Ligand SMILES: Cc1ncc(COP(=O)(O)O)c(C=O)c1O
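In structure tokens, the next block holds one chain alone, the form predicted alone.
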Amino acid sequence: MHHEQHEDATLESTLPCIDRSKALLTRCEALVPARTQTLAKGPGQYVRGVSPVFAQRGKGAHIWDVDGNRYLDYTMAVGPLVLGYGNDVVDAAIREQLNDGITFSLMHPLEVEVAELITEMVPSLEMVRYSKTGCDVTTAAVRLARAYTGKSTVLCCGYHGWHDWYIGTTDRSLGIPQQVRDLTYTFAFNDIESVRQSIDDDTAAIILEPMVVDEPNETFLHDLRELCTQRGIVLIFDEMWTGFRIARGGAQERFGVTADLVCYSKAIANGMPLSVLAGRADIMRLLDRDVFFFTTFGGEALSLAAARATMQVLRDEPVLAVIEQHGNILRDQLNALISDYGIEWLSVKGLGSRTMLAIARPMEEALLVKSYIHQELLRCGILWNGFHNLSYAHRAEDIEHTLEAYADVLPRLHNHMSHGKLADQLLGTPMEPVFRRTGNFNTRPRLGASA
């Protein structure tokens, strides 16, 4: 492609104009702490001064910013858009429900119908409750586990939201009492021994993302299930990412392991705010009275209508097979390109539906690499910030275009890295460190009172 024969600086004119985004960001900074409602969407996760900040609309696999620039989107609202922006079936269901109303003084039939659909698609689930955000239901699951077992401590692995019980394990724990922090421990993914060393007689629950990027090894989840059964510990799967994406039945179906409680959000309603707590009836029945978990908007009908429509499409069409096929092609051919160019510290990991560019360099250098790739893909009309979150709306020609863009960017990246001049090629402020980690997540390893 023509980019290869020029220095990057000569291409500055091909970057999108983002004047309206910049003006809006100035207004935002005066009023909104951290400038964003969702960390992964905020300006710190993009190249400041170069990248679009505010979106205007989306359709299919594309997003338009407030300046009118169109991008092929690989962030896809950080995961929810399994069918793509503005899916006709889902949007029609929302409009139809809107004619009747949004939130009512009585329960709505959709609360029952969606629960029936969920338990049909994931047969191991016996009872279902709703909320709005992922951390609502992970926190409810932890509370249920404590109530059911009469124990207090929790082991976690992954990212589980902003609530006290989890965020106290991270470096952003200001405001969390030490007594709360002392109740949650962490363990390393795919390392059953780190779990055995951390549990004690007061362990109520083990909660984990059953997969983030790296797949669980052949025995890890099964060993975890057996350990929890033996020790009377509630096993909770946080399936915000894997649910209704890596299989219709999520990680439980894909890996053949049944958890006691499962938490969903993101893909279940294709962008509408809905989260789900589901699992064993004997544990869930505690929500009848003894464990309090209620919210005004739990039965909000637009989101439930969207969830019903989304799950019907997932059930009736080859959505997940198509997504995985396209994603596998992108991953495998991109890895082949990386190998061809001899970039030994770069690779693409993950299942096809969600892959990540893994950069095996020190943190600061990795952020420069990520920032450079992001910047240069913008020139090709691609919005990317580390992951390839595929949707049903991504087409074969989108994958082909993406591979062509990488074929243009990667050799220049390799050249600049080899000469130690990559930082000189950035035309804005590099990305900030991302809060969450994606492999061997072990924020505060601790030993339990008794192994």
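Numbers for residues come from their place in the sequence shown, where the first is 1. Please read these numbers as outputs of a predicted model, since none were measured by experiment.
Quick note: we don't show the form predicted together with the ligand, though the next part is all about it.
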In the predicted bound form, which of the stretches 342-350, 221-229, 290-298, 152-160 has residues with heavy atoms within 4.5 Å of the ligand? 152-160
How about residue 374 - does it come within 4.5 Å of the ligand in the predicted bound form, if we only consider non-hydrogen atoms? no
Contact between residue 244 and the ligand in the predicted bound form at 4.5 Å, heavy atoms? no
Residue 266: touches the ligand in the predicted bound form, heavy atom cutoff 4.5 angstroms: yes
I'd like to check something about residue 240: if you look in the predicted bound form, is any of its heavy atoms closer than or equal to 4.5 Å to a heavy atom of the ligand? yes
Selected contact from 330, 323, 135, 305, since only one has a non-hydrogen atom within 4.5 angstroms of the ligand in the predicted bound form: 135
